[in-house]
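Shown next as structure tokens: one chain only, the form predicted alone.
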């Protein structure tokens, strides 16, 4: 009860703030990116000097605190002029349908779509609702990506040389051979933050695309293909093979990604599975680290391996903002080439503007080179339910520690899937 009254009090305070008349020459931006505040502040000062418009970046972190604040502000109808939504596309759809997010399609398509054409298409796709989308949102673009990202593998050049490996492995079998060479010289092989389910899911997704292709994955999510299918068992066996070959760092299933990043940055392990944001992280931890980027090594299956990627961070314009046009103008400015180059140099993230790629440092260029090979759950026609995804990811963790076999996990995940269908059927018939 105490919590309830505290929440109501907070909402009333926010609502009261919303009654204050807004300065027509100021824009408020809420964000969660702790590593970019200084860069944002520099850009805000530059924009004010050029236009007379004051831009105030307000940081709220960590991300879960930020998300709670956005939800509370939406309920109280006091969202800032510009904000981001850190959640599934279905949540973004609910904000759009509630009238909190502006449709920016016409703005992107002005002047022969100059703005739209400057942005990576796969970054825009994360913020776009297509015709006939299952969320029933009016087709259009509802967000502005300020950077892009993808998740690949990193390799330590010195540690590979120590093991006599001249080139990073391209195939799964070559990776296993490299793992044995590294073990012979006492170097741990692969680390990742697999204590976090999303990173486990991401790695498994790479090989699901490789082994069975997108069509069969989506058919599984729709319930047309069971998780006991031999192809899904093959995906799960990837983790059993990595375990049996000693290719996984000790304690990987309990390791948060920030600790996995420390392991790689401090040269305790030869390979890491991480996203392009790691360039900034590794630089802060070890500026002298010599490493490269590679795609996860594919099996000899018939389908191409796909990696997760697309928009890293995106901003939405509050559809009820008193300065909506000025907010849109600012987002056009911050995603222009000059500002994108500055942000990339300052924060070591991939720019959303393709024209800014020519100014990237080599390591970021390696990440950027794989953008055409990316996919993302936010652009898939259907996603698996959270309960099934959780069972799948926990099952992989149990395989890695030797508690269960791939076949055991496949059966258990399918049972969760079938239970979900039966439960949904009971609800619809009541």
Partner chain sequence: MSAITSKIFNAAYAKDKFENFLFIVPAVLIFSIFYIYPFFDIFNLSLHEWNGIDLSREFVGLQNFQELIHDKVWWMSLWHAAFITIIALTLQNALAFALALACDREIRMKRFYMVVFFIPPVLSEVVVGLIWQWILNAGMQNGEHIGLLNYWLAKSGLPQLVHNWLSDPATALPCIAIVHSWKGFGWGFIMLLAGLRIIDRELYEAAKVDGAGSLSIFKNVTLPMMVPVIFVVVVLTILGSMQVFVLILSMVGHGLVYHTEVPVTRILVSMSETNRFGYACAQGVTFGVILVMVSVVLKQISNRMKQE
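Quick caveat: nothing in here was measured; it's all calculated off a predicted structure. Numbering follows the first chain given and starts at 1.
Only in words, not in the display: the form predicted together with its partner chain, which the text now covers.
Checking 383, 373, 398, 51 against its partner chain in the predicted complex, a heavy atom within 4.5 Å turns up for just one residue: 398. This chain appears without its partner; in the predicted complex, the one residue of 295, 225, 289, 71 with a heavy atom within 4.5 Å of its partner chain is 71. In the predicted complex, its partner chain sits within 4.5 Å of a heavy atom belonging to residue 250. Residue 368 falls outside the set of residues with a heavy atom inside 4.5 Å of its partner chain in the predicted complex. Put simply, residue 342 is far from its partner chain in the predicted complex: not one heavy atom of it is within 4.5 Å. Contact check for residue 259: a non-hydrogen atom falls within 4.5 Å of its partner chain in the predicted complex. None of 332 to 340, 96 to 104, 296 to 304, 118 to 126 except one has non-hydrogen atoms within 4.5 angstroms of its partner chain in the predicted complex; the exception is 96 to 104. With contact defined as any non-hydrogen atom lying within 4.5 angstroms of its partner chain in the predicted complex, the stretch 103 to 139 contains no contacting residue.
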